[in-house]
Every structure is written in C-alpha cells, then in structure tokens.
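Next up: a single chain in structure tokens, the form predicted alone.
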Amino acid sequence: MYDIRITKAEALKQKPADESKLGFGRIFSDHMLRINYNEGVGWHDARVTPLENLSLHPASSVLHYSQEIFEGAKCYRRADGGMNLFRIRDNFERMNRSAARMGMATMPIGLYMESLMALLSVDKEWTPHQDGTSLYIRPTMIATKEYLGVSASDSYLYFVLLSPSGAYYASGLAPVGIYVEDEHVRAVRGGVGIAKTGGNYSASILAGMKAKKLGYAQVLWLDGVEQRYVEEVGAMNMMFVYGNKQIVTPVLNGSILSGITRDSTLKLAKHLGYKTEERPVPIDEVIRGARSGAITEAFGTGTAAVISPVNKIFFKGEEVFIGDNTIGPIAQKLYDTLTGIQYGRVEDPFGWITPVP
C-alpha cells in the first residue's frame, strides 16, 4: 500500500450532456494525479488534486532535450454500470521500458496501479455510458531538472489526466486511405522508436500534413535505413490479410513500437483460428498484393481506434485499392470481439480485464 493523498475540487465541472459530441482529447475530468521523483529519495508525494496548470522552471530538461514519455489507455463502462481497464499493467510495463530507453526513472507497477485507482475513485463518474465511448487515460512523465545541459535529469514529474472520449467511429467502421512516406522517416533501429516518447510523434507531423493535403487519413512509414519495409501507420501498427486466412504484420525490429492492441489482435486472431505471421513486409510486396487481390484486407491497430480498416494506399504516384470499400470480415470479427472483451460483452479468455472497484 502506498500513501496517496486526495484533495477534492471545491467546485466540480458540469459533465458533457451529449456523449455523441465528446470528441477526443479536448475535455478533461475534475482531477489529476501527480507523483514526484528525486534522485536519492525516489518516488514521493503521490497526490490526487484538482486539475490545474503545471508550474515548470524555463530551464526544465523536458523543454530543451525532450526527456518525456507517455502512455495511452482506456476505461470502459460496462452495461451493468461497472468499469473495466484493459491490459493496464501492460501499459505500465511498457512505460517502464520507455523510461529505461530515455534514461528516466522507472516506477514500481504497484504504485502505478494504486495511484491510478485512487484517481479513478474520485473521477469515475467521468466515464461515459454511450456505446463506443470511453474514459481515456494519459499517464505522462517529464524531466524537471533545472539545467541547460544534455544529461539525464535527477528529478521527474509523473502525472495522469483523464479525458472522456467519444466513439472513434461515430458513423461506422469506414475504411480510410493511407499515404506511404518515402522521403522522411519516423525512426531507426537503435533509436527511440520502441519508446512511447513525444519526439516520435512530432517527427510524424510534417508527413501527416502532406498526407492530409493529398486527401489521405494517415501516413504509412517505411524503415529508416532502406525505406523498403513497412513499419507503422500513423500512431498504429499495420496488418495485412492474405487470402482471407493469414494475418501478416511487420516484425518488431527495434524501431517499431510494441503496440498493446497489436499484441492483443495477434493473440485474439490465433484464438479465433486465424494464422498469423510476424516478418519483414516489403512495400513492393504490399503494392503487388493489392493489385493482384492477394491482399484482401488491411488495417491498423491502436488504442484509440482499436481496428482501423484501410481501403487504399498511395505510393510513388500510384493509388492501389484493397477490398470493396467496406471493412473486411476478419477486421470486423477482430474489432467486435476485442471491443466486446473491453466492454464486458464477450468473455475474456486471456485475463486482460481489470475491474475498477
């Protein structure tokens, strides 16, 4: 047991009346969690407080050298009114791996879990009820050392925000087009692509702007050495279905983030009887497979969307199409089953769910 102080807000905000208009990442609950770290002391002063702005010295390391990591998880409202967390321990274990890669302090899993439960105990009513909605959880750690020098910080701030979020697919699982970036790269093996750190995402913004101007929803990244092999799509992992039976996804090679939804999708697919394969996937093979029909489905996997179907790919001036402009049967089955587990509608055969007391 950890000592976690709770200070409740004197005045609570009015919760959104129309859950169909929640959107994503714009609305926040009444409270936040904060824990400090100092070298020689460790993690201390865990507290739930009213949501407020942070106060940082202008020389804080995070502002100059981007020593920062974060996670993304969700809390789901069940039909009986209770709430489920999905693979939350895996999120925190990945956060520790990100921290280690970025030279930051790691935290005991027990402190991660207990402090989150303390925050949820205060703001659980912010978890929306409408089907497809959820309470998004954003754990973040930043370096706070006041020093203009490139070195590991000796102090950190860990904080957690809660944000009620709308259904990702308000009007159904409509497939999207993706743009293959063949000039800029997102990450390289040995770099920080395996860590969930802000720099990975800021590096993707320019290509994302280019894709949107061309009418595509996401960027499909290639490897940073040969620019030959498929890596991630936007903030998701990428999967292809060959011949209506085999799911193929790029192997984790040291530059691809180990997605929890990716892992869940692969485990669930095997459980449902599909064949899965993790291997290098050349973009030329994908284009040929789309042209010939050998690839029957394509989709991204990630926390926000769960499953995001892809119906067309643009590469070097050519647009190729996949499927019939609707979500494929395998992607639909995986989406329905995975979200069914998250919301408590489908039995959880893997022990992925942690109920919120």
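All figures in this text were calculated on a predicted structure; none of them were measured in a lab. Note that residue numbering follows the sequence shown and begins at 1.
Keep in mind the form predicted in complex with 2-OXO-4-methylpentanoic acid is missing from the figure; the text below concerns it.
Quiz item: Using a 4.5 Å heavy atom cut-off, are Gly72, Ala235 and Ala304 all in contact with 2-OXO-4-methylpentanoic acid in the predicted bound form?
Solution: All three within 4.5 Å in the predicted bound form.
Quiz item: What is the one choice in Arg138, His271, Lys245, Lys212 with a heavy atom within 4.5 Å of 2-OXO-4-methylpentanoic acid in the predicted bound form?
Solution: Of the listed residues, the single hit is Arg138.
Quiz item: Considering 2-OXO-4-methylpentanoic acid in the predicted bound form, which of Phe159, Tyr216, Trp126, Tyr168 comes within 4.5 Å of it through any heavy atom?
Solution: Looking at the other structure, the residue within range turns out to be Tyr168.
Exercise. With heavy atoms only and a cut-off of 4.5 Å, decide whether Tyr147 touches 2-OXO-4-methylpentanoic acid in the predicted bound form.
Key: It does not: once 2-OXO-4-methylpentanoic acid is placed as it appears in the predicted bound form, Tyr147 has no heavy atom within 4.5 Å of it.
Self-check item: Which of 150-158, 115-123, 281-289, 130-138 lines the interface with 2-OXO-4-methylpentanoic acid in the predicted bound form (heavy atom within 4.5 Å)
Solution: The contacting stretch is 130-138.
Self-check item: Contact set, 179-208 vs 2-OXO-4-methylpentanoic acid in the predicted bound form - heavy atom within 4.5 angstroms
Solution: The stretch touches the partner through Lys196, Tyr201.
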